[in-house]
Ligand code: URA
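One chain comes next, on its own, written as structure tokens: the form predicted alone.
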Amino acid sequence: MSENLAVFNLNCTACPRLSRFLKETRQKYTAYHARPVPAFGVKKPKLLIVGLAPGMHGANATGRPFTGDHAGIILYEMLYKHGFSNKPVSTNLDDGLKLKHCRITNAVKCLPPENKPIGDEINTCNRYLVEELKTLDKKAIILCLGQISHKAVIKALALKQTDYPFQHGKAHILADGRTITDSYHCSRYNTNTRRLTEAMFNTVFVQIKSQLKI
């Protein structure tokens, strides 16, 4: 089945800096995916997880969000623990991992230099997030990992940023019935510095699971 180009385009070159960087990365790491990374999971999720962008040796290498990198370790462990996947580990596209009631995407679909997308790139890629959010059930939860992802979701939903400030553990209930839940990103930096602990992340998922009642 071909991808819906409104939701995702494997050949997107809308951001010149990212396109150049991906081309350089493909030349250096010939076995890597090194292209825009599609979302992963069920088509009609009750939980949509929005990360920041693919990591160099994780999603950029494997072609699947949070797969093969440090941030994915705790994320996929939590998904398995709370019944959103069939396995606690995500290593590659052929590992047999399947998500339940859940889909994972990124605010920016391409690997950015130094893992830092710039504002224009976040805004340009937002059109894909707009279309992804349209597929959600009206009672779905959108889990934003980090402030940039949170702001990207708010923009994609055409809401006012000042009305929905980012706050770890906060659940913003929207007028249409959907919920935006915030968490610090499960990056190596945040987990190593204990800005985000396993217990804190677990609490976020307990809250989500309770609200979804699945």
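Keep in mind that this is a model prediction, so the values were computed, not measured. In case it trips you up, residue 1 is the first one in the sequence shown, and so on.
One more form of this protein should be noted, the form predicted in complex with the named molecule, which is absent from this view; the next part is about it.
Annotated contact segment (heavy atom within 4.5 Å of the named molecule in the predicted bound form): 44-52, selected among 44-52, 164-172, 150-158, 22-30.
Contact annotation for residue 65: at least one heavy atom lies within 4.5 Å of the named molecule in the predicted bound form.
Contact annotation: residue 106 falls within 4.5 Å of the named molecule in the predicted bound form, judged by heavy atom distances. None of the heavy atoms of residue 143 is located within 4.5 Å of the named molecule in the predicted bound form. In the predicted bound form, residue 69 approaches the named molecule with a heavy atom inside 4.5 Å. Shown here without the named molecule, the chain has only 185 in 179-205 lying with a heavy atom within 4.5 Å of that partner in the predicted bound form.
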